[in-house]
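In the form predicted alone, a lone chain appears below as structure tokens.
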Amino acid sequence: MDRASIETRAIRVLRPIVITVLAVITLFPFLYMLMLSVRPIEDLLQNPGRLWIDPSEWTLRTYREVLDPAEDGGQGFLRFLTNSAIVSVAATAFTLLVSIPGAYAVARLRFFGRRQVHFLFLAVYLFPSILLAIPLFVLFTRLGLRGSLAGLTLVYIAQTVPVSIYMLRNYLTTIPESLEEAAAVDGYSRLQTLRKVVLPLAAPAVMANALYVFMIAWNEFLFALLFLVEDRADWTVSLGLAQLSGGIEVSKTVLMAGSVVLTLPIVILFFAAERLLTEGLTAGADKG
């Protein structure tokens, strides 16, 4: 038996084993968190090492406590989820609104410094967030935007636009210019070409970019703490979860329920757009 045959057989045997091990390592923490969130606190205290309980013993009391308003004795996560959704959707929409034409301009238009400008966008990430926090805090305080969801949304847009332009530019350069030239012959303007020709072809990259921006805005904690900590009604879900984790009187089952509430929307979005996300992340990797 030659070496190639041995390697082929070894790969055929090892592939399912490796996939299974990786799946268990990846899914087990989330499944354990989910099981703790539906586990009665009394049972957890009596038998903390128990990993599985019968479905008849599950309880949704922890989720009711997490989602109910603070006035009713809950943690108010339903309000936090609404705030996070508003900020994340707005940040994603405005980031795409700016980064799509910006990426197209860098990819197609000819101007001085064109080759360097898209790298300059990434210079923003040379500075850690904590270094930008104090200047932004002072600026937004003077502008009267501190303590508002609109101010936090502006911060997220400023954070994500540079890298969004860089990511989309790499994809747009893979679209043949001949398609745009044909559209120009048909009488399309630049804007019509971008809307009717380029965007449909770039849909996977746009979707991947949108998910990237949404996840940053949904999970971000530092700027949310700086801008929204004074008014609990404006908290995002990441702030609410930090408050749960720091509360001595909050049970771990309630904390796990809050973690599930924070994580589940991202997981659902990821699997709903998994195909487009994969195409968007891999296409254009050989160019740009």
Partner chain sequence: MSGTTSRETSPETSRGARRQLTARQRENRAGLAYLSPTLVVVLVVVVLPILWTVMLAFQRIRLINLRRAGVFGEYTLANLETVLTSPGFWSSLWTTLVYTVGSTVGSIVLGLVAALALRGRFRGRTLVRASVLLPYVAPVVAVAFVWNVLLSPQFGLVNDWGVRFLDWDRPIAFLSQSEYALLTVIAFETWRYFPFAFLFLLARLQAVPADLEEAARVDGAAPTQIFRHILLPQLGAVIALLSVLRFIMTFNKFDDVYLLTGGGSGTEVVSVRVYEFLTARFDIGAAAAQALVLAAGLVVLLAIYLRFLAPKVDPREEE
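Worth saying up front: this structure is predicted, and the values here are computed from it rather than measured. Residue numbers count along the first chain shown, from 1.
From this point on, the text means the form predicted together with the partner chain, which you will not see here.
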Query raised in the report: in the predicted complex, does residue 242 have a heavy atom within 4.5 Å of the partner chain?
Result: yes
Requested in this report: Using a 4.5 Å heavy atom cut-off, state whether residue 182 contacts the partner chain in the predicted complex.
Outcome: no
Query raised in the report: So in the predicted complex, does any heavy atom of residue 102 sit within 4.5 Å of the partner chain?
Result: yes
Query raised in the report: Heavy atoms within 4.5 Å of the partner chain in the predicted complex: does residue 232 have any?
Result: no
Report task. State yes only if every one of 63, 85 and 273 has a non-hydrogen atom within 4.5 Å of the partner chain in the predicted complex; otherwise state no. Result -> no
Query raised in the report: So which of 85-93, 67-75, 135-143, 201-209 is the stretch with heavy atoms within 4.5 Å of the partner chain in the predicted complex?
Result: 135-143
